[in-house]
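Only one chain is given next, in structure tokens, and it is the form predicted alone.
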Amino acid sequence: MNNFLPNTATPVGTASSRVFDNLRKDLVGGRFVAGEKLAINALKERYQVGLSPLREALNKLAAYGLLIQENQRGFRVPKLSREELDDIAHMRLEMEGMALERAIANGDSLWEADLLAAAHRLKRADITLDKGEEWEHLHTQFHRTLVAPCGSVWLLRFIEQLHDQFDRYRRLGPKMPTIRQELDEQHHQLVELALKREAKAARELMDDHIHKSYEVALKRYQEHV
């Protein structure tokens, strides 16, 4: 009887992508407790989605590393550990340093303009925002832009995944204004060095930037356990 009515249902792929993005943000932001078993019905209600797109999103997040899929027992948030945090930080040093050097070698004038714009938006957010979700988004965009012309899609994918895993630790607790101010200033310095094409100095500063971020993440992890 309703054959002539338009189909207003949300396509599974679209719904799955939306849930993937929202659930990914909540997992990284610490909305779920490490080790927590996810209740499917509660997720359906929270994200206003059907079972099929929800399952698809959960499977993708498990493949991405933000969930653990347990045989016949659903999905669980991965636990946190000092060993994992150390490993993530070490890999960030290796991969982001490499990507930054490549980006400085490859980046053109359009990249320079994009980098200046991303830095400007983040700088304004440092002043006007309370370091909430909007600031986190701009912070992520800045770091993506910084290494964007590295020339390797796979390297960028790995870095993105490492950032998400690292932020599970960094965002466990309240902000630390003193260290945050140092890190914000380093963003400005990274842009200056990148535009001057001083790759070695930029990588050294990036290493220090990651070390300082690691100190924040480690402190929050130790307070959490």
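One-based numbering along the sequence shown. Because the structure is predicted, anything quoted here is derived from the model rather than measured.
What comes next is about the form predicted together with the DNA, which does not appear here.
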>> Looking at 169-177, 46-54, 156-164, 183-191, which stretch has residues with any non-hydrogen atom within 4.5 Å of the DNA in the predicted complex?
In response: 46-54
> the DNA isn't shown here, but in the predicted complex which of 78, 74, 97, 149 has a heavy atom within 4.5 Å of it?
Replying inline: 74
> Which residue, 196, 200, 31, 37, has a heavy atom that falls within 4.5 Å of the DNA in the predicted complex?
Replying inline: 37
>> Since only the chain is shown here, I'm wondering whether residue 213 would be in contact with the DNA in the predicted complex (any heavy atom pair within 4.5 Å).
In response: no
> Counting only non-hydrogen atoms and a 4.5 angstroms cut-off, does residue 15 reach the DNA in the predicted complex?
Replying inline: yes
